[in-house]
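Listed next as structure tokens is one chain, alone, in the form predicted on its own.
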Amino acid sequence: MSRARLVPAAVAVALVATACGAADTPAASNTDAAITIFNTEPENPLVPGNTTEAGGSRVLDPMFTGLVEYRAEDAQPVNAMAESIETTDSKVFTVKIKQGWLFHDGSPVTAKSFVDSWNWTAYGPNATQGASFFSQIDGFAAVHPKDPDGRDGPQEAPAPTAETLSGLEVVDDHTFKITLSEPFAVFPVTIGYEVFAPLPEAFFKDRLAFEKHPIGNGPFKYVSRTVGSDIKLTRNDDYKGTDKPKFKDLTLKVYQSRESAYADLVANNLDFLEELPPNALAGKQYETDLGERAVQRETLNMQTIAFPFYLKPYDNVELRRAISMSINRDEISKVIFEGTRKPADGWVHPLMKGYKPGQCGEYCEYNPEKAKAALAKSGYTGEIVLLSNTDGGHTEWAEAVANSIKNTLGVEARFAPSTSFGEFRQKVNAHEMTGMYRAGWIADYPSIENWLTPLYRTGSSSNDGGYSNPAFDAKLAEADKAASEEKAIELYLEAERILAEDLPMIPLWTQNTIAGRSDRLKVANLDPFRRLDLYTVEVA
């Protein structure tokens, strides 16, 4: 039997993105320098399998290196800790990892480090946010039984009948085998996401100690954390990867608002802010404030409004349609964002291979008459509330959206500012939302599947509102095991069309992200996932 060598870069994706705004590479840089970048407070302790939000991801990404990583220039996946990933059928994968790699505590990174980490994350009683990313691996139902009436129902999920995934097998110290329940050609692309990172034995011996002092295997290692203030990392000079940093210390400073971070950036007290707030975009003030220090590129993120399906009246599809058609996306982009946002017309990002324009149809188009007709059909006459955290530069657009709804539908609609991002996410995950709420998505990995499965499949990791449609789930399952990439894309697009009928989340806009750097950073680029590409940073 012949064996096909699987090269992740050739699988399922063809993202096209352009970068600009980088300064020239200096002749010499300060490799002992320290830099400070913007962050929001992480929602959870810093464990890869339990972190699926931006504030935690900015910390974990430089601390951990997975089997594959995504190239900053075009988001294509390439091997990182993986020496090879082989399959003949997209169902059984043999993974060989590179030898000689160490965790930050000096212990070796082995095949068991990956298998133990994945088993822990998938195990139902651990209640991790990343568990559903392992649902394609054989044996997931045994370690993570389905809750019969969902997370808000009175029944509890049955106890697991196994503690480890039957589809994971350690072959030797540097080889392990993955067996999926069905063929899934996209799987090798997914495993660069942080939830698939390895964990050291220290984690399993004393989890609480690990959470106080996380231990990774990446180019930066943990130094300290002051909750609500900052997290400090330093360069791992023993790092075996090729993406070695060109500076020493990294502080991720927690800000209560992007506006205050921007003030620090202008004053050169902050070295990088990956997305400027609306007050900097207004009238292109940033051009005056930053000049050549502005950095921009089109990034893989989308702003949305999510609905709590566990709360009336937001389970009413006609009301959701009325709200969506009452939002003048184009005007808000021009007035609030100086045209840097592009109105979204579906749930898949336009830069993804397979993107099809207009998938949302008329429900994502501003149409006052049809919006009013949908509201009348819904029978709802009460107030509409939009909730959002206020530390991410969301106030201006959220107020504009609420006003657009109010003026179009003639109902009371208001923006209700909430807490910091970390606390906001905790309330979202606890199903404590009291109205529709701000949401957004930055791609975990470059695949059309990543814009659908985690957000809308029943019980998935980021399906926070509790949307469920068996027909949509079935279509995704059909797409996952398609025989070819072309057929898979065709089926994923059919699944996206099902969302258009249900409108479980309102797509608002994608963006040309405008960031800013300090005078000290001579090279500082955005990556496709709207983060500072740390490995290009050079300090004067």
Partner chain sequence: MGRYVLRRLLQMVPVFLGTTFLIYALVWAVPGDPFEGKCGERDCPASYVAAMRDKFNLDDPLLVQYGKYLLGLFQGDFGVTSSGLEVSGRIAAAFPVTVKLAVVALLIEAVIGITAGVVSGLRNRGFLDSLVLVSTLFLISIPVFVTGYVVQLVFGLQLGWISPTVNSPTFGNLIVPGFVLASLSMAYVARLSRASISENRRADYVRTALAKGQPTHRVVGVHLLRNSLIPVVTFLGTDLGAFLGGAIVTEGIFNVPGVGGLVFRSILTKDGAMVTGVVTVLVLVYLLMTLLVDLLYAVLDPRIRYD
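Since the structure is predicted, the reported quantities are computational estimates derived from the model, not experimental observations. We call the rigid core the largest set of C-alpha positions that still match within 1.5 Å between the two forms. Numbering follows the first chain given and starts at 1.
Missing here is the form predicted in complex with the partner chain; even so, the following discussion is about that form.
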Query raised in the report: Among P62, P42, P507, P48, which has at least one heavy atom within 4.5 Å of the partner chain in the predicted bound form?
Result: P42
Report task. Report the residue, out of E449, E274, D271, D444, that has at least one non-hydrogen atom within 4.5 angstroms of the partner chain in the predicted bound form. Result -> D444
Requested in this report: From the candidate stretches 365-373, 313-321, 262-270, 79-87, select the single one in contact with the partner chain in the predicted bound form, where contact means a heavy atom within 4.5 Å.
Outcome: 262-270
Query raised in the report: Is E53 one of the residues lying within 4.5 Å of the partner chain in the predicted bound form, judged by heavy atom distances?
Result: yes
Report task. Give a yes or no for V223: in the predicted bound form, does one of its heavy atoms lie within 4.5 Å of a heavy atom belonging to the partner chain? Result -> no
Query - S333 within 4.5 Å of the partner chain in the predicted bound form, heavy atoms - result: no
Query raised in the report: Is there a heavy atom of Y286 lying 4.5 Å or less from a heavy atom of the partner chain in the predicted bound form?
Result: no
Requested in this report: Align on the rigid core first; then say whether the Cα of G241 has moved by at least 2 Å between this form and the one not shown.
Outcome: no
Query raised in the report: Superposing on the rigid core, does the Cα of Q426 end up 2 Å or more away between this form and the one not shown?
Result: yes
